[in-house]
Structures are given as C-alpha cells and as structure tokens.
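For reference, the chain that follows is the form predicted on its own, supplied as structure tokens.
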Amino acid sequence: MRITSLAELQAAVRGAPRVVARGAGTKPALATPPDGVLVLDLRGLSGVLEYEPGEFTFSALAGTRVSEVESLLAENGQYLPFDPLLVERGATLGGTLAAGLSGPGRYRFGGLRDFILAVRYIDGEGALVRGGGKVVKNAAGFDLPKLMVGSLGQFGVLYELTFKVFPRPDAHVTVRAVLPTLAEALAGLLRVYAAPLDVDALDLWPAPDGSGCELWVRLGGPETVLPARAERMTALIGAGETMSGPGEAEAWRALCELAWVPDGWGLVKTPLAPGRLLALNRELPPEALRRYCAGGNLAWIALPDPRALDSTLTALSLAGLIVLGAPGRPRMGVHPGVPFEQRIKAALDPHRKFPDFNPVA
C-alpha cells in the first residue's frame, strides 16, 4: 500500500491487524514481511521540510532518499558524517534510521544515534507521537529519537526526522597499508587508535585467502596539511601508501554501497570490541568475506547463507543482524537487551501491529 499523507498512514495503521513499513527495500532481510502483513510503502512521504544551514539541522519526511538530502547539504558545504550506507541504491532516511546502519565515518564522529535530534512517528494506536526537538541542545523528556535507531520498525512507523549535520572537510586522504597478517594489522590499528591524531575512519580488510590484511586510515581536513599528516600516519604504522582525489573518494563510496558483497550473498552486522576481533575471525567459515570497521568495533561478514553464523555468534556471546539476505528473523546470536525492548514494545505497540524481529527464546 503506497502512503502519500499522514492521514493515510494513520488510517492504515489503525485499520490493519499487522503492518510493516518499507522504504526503498535496499535491505531486504529487514523489509520483507511474512504473508498476511500489510506493507506500507513510505516512498510517497518524501521531501525536506526545513533546512537551516546556519543551525546545521534539517527535517525531512521518512521516505526521503538520503541522496536527496546529501545533494542539498553539499550545496552548503555540509554533510552527514556517519556516512549513510546504500545511498546510491536509494536508501531512505527512515529505513536508514530504523536499521541503525552507519558507515566508516562513525569512527570519529559517532553514528546515527549521535545525529538524530527529533522524530515524529505513528504508534500502535495510530496516534502521532513526537520526541526530541529541532535544536542541537535538547535534553527534555525520554529520548525517543535514539530509541528508534536500530529498532527495525518494532515500535512504530517513522513519519518525520530531524538531524544535525557538520561542515564537510576540504579534502580527504587515506593511508592504505598492506600487512602480512591480521594480527599485525590489528596492532597497527591499535597504535593509530592510541595516537593523539584526528582520524576520520579506521578499517581492517583481511584478504579472502588469508594472505594478508589491509589497514585503511582516512584523514580529513585542509588540503595543505594532509600530506604531512599522511606521512606521520605511515611512519606510525610502519607501512602504507597514500590514496587521494577521486580514486580515494570512490574507494570509500564503494565500501558504503557494500559493493564488496557478492550478488546473492547475505551480509551480517556484528558489534564487537577490538580485543575480540581475532577470536571472531578464527571462528568464521573460510569462505566468509569480512570487513572490520570503526576501529575494530564492528564486523561486516558476508556469506552465501548468513544464518550459518548463528551458532558461532551465540558461542561467542555476540549479536548479529542480517542486513542483506532472504527474509526471516534477521537477528541472531545473543541479544541481552531483548527483555527491556519487549517492555517498550508492549507500551508503544500494545496490539502487536508492528513486526517483532527478536530471536526466538
């Protein structure tokens, strides 16, 4: 059902026994409902409602494509520093927020949770609920906007969102070091992590055949100072070459578009800590492609059948979210926050109209 107005959205939620919201469908494992569930296509709820470049904030409807917002921000030298994913595939603001997906820029600037200021959404009763405020300094009441980050649409249907934005750096360079082993690359990552240096993104990319590992360190700032900063970074790591210009930007763009994931494969997002990275890597199937982002605090794992990871993540007490793959329950592994989440769902969705993606106990 295509939704084009707030009134239509409220009527649809009130009139159907079960509904699921969907934007562009760029994350099929999260947006494909079971039979008998009404799909609410929110792409008709599109458009930037308010943009104040001087205040570094904007408000837009949930079905607005992120690419539209990025183009508008670029005209004023601003951007979303958390590097939204799947922008060129058509990702929407609401889908991005509900999935809780942030890109490599989250390492320095924080993720979605740090940039969402306000939301308006429809709860299980069909009522319009407001949370947050359209100013950066806002601390009144329960923080509903952050509750919606990664909620997968379980608490309500997003209608309007307000974000803060940052000035875009004049230029970027990336130091790319190829090291013999993942352990050596991780040691280099930890040296970068501990150094008093501003780093925009910090990623590890093990070779599929285990022959080595790439360490990517992205730096942003005035173009005149970046070469010296890159030289210092190369000396700190002990290896590396510098990427800059269009090729550098394209490399990170491809990463944010998940271009490294083969067609037809599934993709799992797994939060972790750098100290647990090697243990997880040892347990992954040999055919798995993996990328460790945000300074080793997040793993992206691609497999033909992502659900094969469930037992591995459970044994390691890690959580997983299937982003790309066949429909079904996208959560796997261990999710200790489920009991609290269910209490919130009972309050916001008493009739259980919205999907419940939690693992079966």
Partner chain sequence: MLPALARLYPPERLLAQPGQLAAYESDGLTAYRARPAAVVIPATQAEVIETVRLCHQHRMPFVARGSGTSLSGGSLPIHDGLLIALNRLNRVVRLDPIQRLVVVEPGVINLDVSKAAAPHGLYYAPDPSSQQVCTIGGNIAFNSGGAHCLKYGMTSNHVLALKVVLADGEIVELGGESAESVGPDLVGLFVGSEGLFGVALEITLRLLARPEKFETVLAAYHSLAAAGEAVAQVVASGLLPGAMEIMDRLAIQAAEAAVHANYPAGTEALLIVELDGEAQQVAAEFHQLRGVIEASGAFEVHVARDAADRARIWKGRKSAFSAVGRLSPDFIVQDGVVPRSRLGAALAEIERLSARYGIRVANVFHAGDGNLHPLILFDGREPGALERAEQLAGEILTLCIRLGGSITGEHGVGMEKRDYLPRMFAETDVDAMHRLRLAMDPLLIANPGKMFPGGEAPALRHVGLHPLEKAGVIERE
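Source: prediction; values computed, not measured. Numbering follows the first chain given and starts at 1.
Beyond what is shown, the protein has a form predicted in complex with the partner chain; the following relates to that form.
- Among residues of the shown chain, residue 154 is one whose heavy atoms approach the partner chain to within 4.5 Å in the predicted bound form.
- Though the partner is left out of this view, residue 298 does reach within 4.5 Å of the partner chain in the predicted bound form, counting heavy atoms only.
- When contacts are judged by a 4.5 Å heavy atom cut-off, residue 344 counts as touching the partner chain in the predicted bound form.
- At a distance threshold of 4.5 angstroms between non-hydrogen atoms, residue 92 is out of contact with the partner chain in the predicted bound form.
- Per the 4.5 Å heavy atom criterion, the partner chain in the predicted bound form is contacted by stretch 222-230, the sole one of 176-184, 222-230, 208-216, 259-267.
- Here the marked residues 19, 64 and 83 all miss the partner chain in the predicted bound form; none has a heavy atom within 4.5 angstroms.
- The single contact residue among 167, 238, 247, 285, judged by any heavy atom lying within 4.5 Å of the partner chain in the predicted bound form, is 167.
- When the partner chain is considered in the predicted bound form, only one residue from 74, 128, 254, 278 comes within 4.5 Å through any heavy atom, namely 128.
- Along 329-357, a non-hydrogen atom within 4.5 Å of the partner chain in the predicted bound form is carried by 331, 335, 336, 337, 339, 340, 341, 343, 344, 347, 348, 350, in order along the sequence.
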